[in-house]
Each structure stands twice: as C-alpha cells, then as structure tokens.
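As a starting point, one isolated chain is supplied in structure tokens, in the form predicted on its own.
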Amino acid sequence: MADKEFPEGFLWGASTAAYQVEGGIENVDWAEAAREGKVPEAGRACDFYNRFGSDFEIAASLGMNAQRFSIEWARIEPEEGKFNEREIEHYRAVLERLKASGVTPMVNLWHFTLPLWFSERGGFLEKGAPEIFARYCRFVVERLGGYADLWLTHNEPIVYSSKGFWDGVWPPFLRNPLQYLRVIYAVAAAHRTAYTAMKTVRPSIQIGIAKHNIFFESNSNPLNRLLCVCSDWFWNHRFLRLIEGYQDFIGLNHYHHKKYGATSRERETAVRSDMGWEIHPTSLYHCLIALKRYGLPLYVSEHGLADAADVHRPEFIKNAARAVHRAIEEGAPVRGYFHWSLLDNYEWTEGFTKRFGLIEVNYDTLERTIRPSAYVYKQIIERNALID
C-alpha cells in the first residue's frame, strides 16, 4: 500500500473564483459587459459570499484539508486608492473560518475581473498598472497576510490575454496582436512589482501564479514537431521565464491536450467533456514533469471538467491522482491538488450552462447536492493514497 500513498501533509482541496460564485459584484468589467449584452449576467451566482461557511462545511465533510479561493479586487478597492475595510473584514472571516477548521487556504488576488475604474483607464495597458496592482496586493497582504501562507497574484495570464486581446470574446473585446503581446508583458511586470511589495510587508509568505499549461505533442511530421515546440515555449514557458526569480511556487491549471497531426480517428474517438474538451488521462502528468525544470514547489491549482451528468468525473479524479502520484515518484515536487471546482459556477461566456462542481448547485433554490464523484475524491483524500 505504501507505494500508492502521497507524501504526509499533501494538500487536497478544491478551487473557486469570486466573480464565478460570490454574487452581487457589479462594479467590474464583466458586469458592465453583461449590462451591455456582451456576456451572460452573473447575478447572485451561487451566493457564496453569504454561504461560504456552509459550503466549507460540505468541503470538510469530504475530507478536504485545503481550499483555494479568490479575493475580488473591486470589493477591496471600489474606487482608485480608496480601500473598503468592511470587505477586508469579510475576507478575514472567510480565512478565519478555514483556519478554525484546520484547512490550508490558497488565496488568489486577481481572477480575470477588473474594477471598472481600472478597466476604463486601460487595465494592465495603463502606464502605471504594475504599481496600481501592487498597491492593492500589498494592502490585502498587510491586512490578511497572517492568515495564509500561499498567495497567488494572477490566474491564467495567457488565457486572460488571449481571450480579451486576441480572440476578442472577453473584456475588453479587442483583436489586436500587438496589444495581446503588450498585456502579457504588462501582467508579468505587475506580478514582479506585486511580489516585491508583498514580500516587503510579509517576507514569510509564499507567492506564485496559477499558470494554465497545455500538453502539446505531435506526430512525426517535422512541421508539426516545430509547431509543437513553438507552442510549448510560448504558451507554457514564456510567461514563467518573464517572472523568474519572482515566484516561490508554481500553481498549475490544466485542462487541455493538443496533438499536432492527430488522425481523424484520434479526434473522433476522443472522450470529451461538456465543454467539448478532450479528456486525456496522462496530460496532467506530462505538464507536471515539464515544470520540474524550475526547481520550485508545484501545486495543481485547478484541474477539472464540465460533466453535468457526473459520468466521467469519477474516473477523471482517479486518473488525476494517478498522474500526480506518478509525477511525484519521478521527482516532481508536487505539494497539493485543487479540483476545479468546489461548486457549479458561472463559466464566463458560457454563463451557468456548464457544470464543473463537485457540488451541484440548483440556481433557482441555491440548494447544494454533493455529486457521487465527490465521494470518490473523498476516498482518495481520506486514504491519502490511490484507489482502484
């Protein structure tokens, strides 16, 4: 049995993001886009803002010893330079609830949504953006840094840049390759500046980012091999190199596998989630192994699938544990796994139509129902080991 066990103290949890679950956030760029009819409304979402205590109780009943959640920047700084102490106290209560339960928090400071005042000035393309972002991060850590050791500045910076400035389907709805590249470098600069500011007030905390990486592979065709190498370098590693020396750990978000030169049969037989994304059992392992080169602790900060019927999720969770265990055996310093998501939630341009939660949410009544797959996860957590 010992060869199936995870290291002592391994973190098992789930993730949420403020705008996707809290409800009542109206002073951000996404809410403004919803009012303009460009994206679905989030509204009250899951009302996690008021129900976090009972939701954490459900997580605890499933054995989880860690939770990742995000703080909404627009709640903390609704106007530039004016900070809301009442909202600091709210997030203090969230952290105290976790601490009282012996649960390790991983706190994310920015998960896609921007305060309206910041987005209207150009967001991260604003000249002083790194200092503005760092000021917010420093303020939060000054007030709340004693409650958590693990902090993330950004969530999926390349996804944010791609969706908002290349595909043009997220705020600010631009399709401009130059600005796409500019914002990547600007967000990296914001992270470096925030890292320094946060460490100044809380030197002991650990700071990283949640980086979305894809497992790229190819057939033997030389052009496809070149595409694979270039995609891997730009998407998976360029940003991490831009912030090298300014991170204490890496959070890995992983959802996608891409094979250049895949045959029609491979494409047709692939098992897919409700998002149409391929479910590829070993890709998480490959992404973790690829991050060994940085010599930093690793956390799987997001990994999940849309599966309303809960048909694929049980085996998906088992395979995820196998992938993490295999990576650890081969020397990857993986310290924890956070499933996406704790709850069904607002899935950006998909609205509430996709179901990622270990816990099902009835959006009419807000009733919570634990999905069968969550009990599979519970078995792994309680054993701290693989299960058949």
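In this text, residue numbers run from 1 along the sequence as written. Everything quoted here is computed from the prediction, not taken from an experiment.
In what follows, reference is made to the form predicted together with beta-D-fucopyranose, a form of this protein that is not presented.
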Original post:
Taking beta-D-fucopyranose in the model of the complex as the reference, which of Phe316, Phe118, Tyr285, Phe112 has a non-hydrogen atom within 4.5 Å?
Top reply: Phe112
Original post:
Phe249, Tyr255, Phe239, Phe216: which sits within 4.5 Å of beta-D-fucopyranose in the model of the complex by any heavy atom?
Top reply: Tyr255
Subject >> beta-D-fucopyranose contact at Arg138 in the model of the complex, heavy atom, 4.5 Å >> reply: no
Subject >> Contact test in the model of the complex: His212 vs beta-D-fucopyranose, heavy atoms, 4.5 Å >> reply: yes
Original post:
Would Asp47 sit within 4.5 Å of beta-D-fucopyranose in the model of the complex, counting heavy atoms only?
Top reply: no
Original post:
Are any of the heavy atoms in Phe356 no more than 4.5 Å from a heavy atom of beta-D-fucopyranose in the model of the complex?
Top reply: yes
**OP:** Give a yes or no on whether every one of Asp274, Asp310 and Phe352 sits within 4.5 angstroms of beta-D-fucopyranose in the model of the complex by heavy atom.
**Re:** no
Original post:
Can you pick the stretch from 322 to 330, 22 to 30, 342 to 350, 55 to 63 whose heavy atoms fall within 4.5 Å of beta-D-fucopyranose in the model of the complex?
Top reply: 342 to 350
**OP:** Quick one: name the residues from 150 to 173 with any non-hydrogen atom within 4.5 angstroms of beta-D-fucopyranose in the model of the complex.
**Re:** Asn155, Glu156
